[in-house]
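Listed next as structure tokens is one chain, alone, in the form predicted on its own.
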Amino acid sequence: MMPVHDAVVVGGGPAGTYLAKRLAEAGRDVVLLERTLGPHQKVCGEFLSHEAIFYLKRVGLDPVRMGAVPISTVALIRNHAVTSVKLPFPAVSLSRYRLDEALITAAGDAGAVVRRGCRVRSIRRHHNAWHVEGDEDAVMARDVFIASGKHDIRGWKRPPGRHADLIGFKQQFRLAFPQARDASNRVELFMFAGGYCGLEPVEGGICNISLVIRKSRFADLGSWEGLWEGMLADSPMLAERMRDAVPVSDRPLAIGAIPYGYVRTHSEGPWHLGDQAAVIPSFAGNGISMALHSAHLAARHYLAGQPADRFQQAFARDVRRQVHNATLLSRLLVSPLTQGLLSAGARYLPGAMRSVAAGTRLPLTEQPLVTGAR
């Protein structure tokens, strides 16, 4: 007879691994399912604000000791106009390649059973337990936590977000020395026709470029090569940054149908974490922080005997305002009619950029939970 575990966690990203570690440390029987066999890159800006640093240190991980690059400045760039401001909080940049591996190792060291190369095909209720079926085997648990990031599980697909007409790309480069020096310790946000692009350094002397573009605009350009040429033509300062740059890989990573603005407010039984619970536009630099916050909050509710729906409502309250505000601004960032206004506004009111950065942060205070039977 198949054993019934306390919990099964689907997804080995920041949300799933953080949660698995917390539950295992509390003595729960936890199985973590990750679809990849080893370290890999993901479509992500790789920015860690002070909330992410806070949560990582709570589970014994220090991003700086892992090689993270300090980030002190953010710059908004359109054509030749540049507005730079100091970030109102500490921040670093660390690749998901390194971060995710550190977290999944920490979860295993804490006692979670980690199964890699397990692609989940279905999740269904079976009597008094959840039946999670993978490529070759199945797992049964009393509770299931879906933390599969931007990848939906069959039967549990997220609805579109409020800004769902974008696709995303990520490519890493080694910049030439002068450009790498000038781009160090800062995030640069470039606006171009139909989208925006973030450039930031990560460990190992590499710069990460993540961008989003309207589907209709990408269809006009026809390919990644067409997009790249059009983006550099629209943004001469980005073209200068990329002069003599060497790509780390042959092709970029890509993802479609990003549900920006999505916030889940209720649960139908499973616990939904990370991007399966809420998706904030990438320019806010808060995706990893939100994933870790959701895992922290889920662990607290679960260990206090609270139901999944109570957690889902609490997480939605914590992030709804930040996601709403960032989504409105993301719409403006991809519109040719408003990109110029945003650039001019940032130049004349640089304090507004700091306000935007501060306004998308998450609460770190812990309110007491009322315990009860799940």
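Sequential numbering from 1, following the sequence displayed. From a predicted model like this one, the values you see are computed outputs, not experimental measurements.
Absent from the display: the form predicted in complex with a small molecule. The rest refers to it.
A.B. asks: Name the stretch, out of 223 to 231, 82 to 90, 207 to 215, 176 to 184, where some heavy atom lies within 4.5 Å of the small molecule in the model of the complex.
C.D. replies: That would be 207 to 215.
A.B. asks: Although the partner isn't part of this model, could you tell me whether Arg96 comes within 4.5 Å of the small molecule in the model of the complex, counting any heavy atom of the residue?
C.D. replies: Arg96 belongs to the contact set for the small molecule.
A.B. asks: Answer with yes or no whether His126 is in contact with the small molecule in the model of the complex, where contact means some heavy atom within 4.5 Å.
C.D. replies: No.
A.B. asks: Answer for Ala164 alone: is it within 4.5 Å of the small molecule in the model of the complex, judged on heavy atom distances?
C.D. replies: Taking the distances in the model of the complex, the answer for Ala164 is no, it never comes within 4.5 Å of the small molecule.
A.B. asks: Do Arg119 and the small molecule come within 4.5 Å of each other in the model of the complex, heavy atoms counted?
C.D. replies: Within the cut-off, so yes.
A.B. asks: Do heavy atoms from each of Ser148, His151 and Asp275 fall within 4.5 Å of the small molecule in the model of the complex?
C.D. replies: Checked in the model of the complex: all three residues contact the small molecule.
A.B. asks: Counting non-hydrogen atoms within 4.5 angstroms of the small molecule in the model of the complex, say which of Val43, Val323, Ile53, Ala346 makes the cut.
C.D. replies: It is Val43.
A.B. asks: Find the only residue in Gly261, Pro201, Gly287, Gly195 having a heavy atom within 4.5 Å of the small molecule in the model of the complex.
C.D. replies: Selected option: Gly287.
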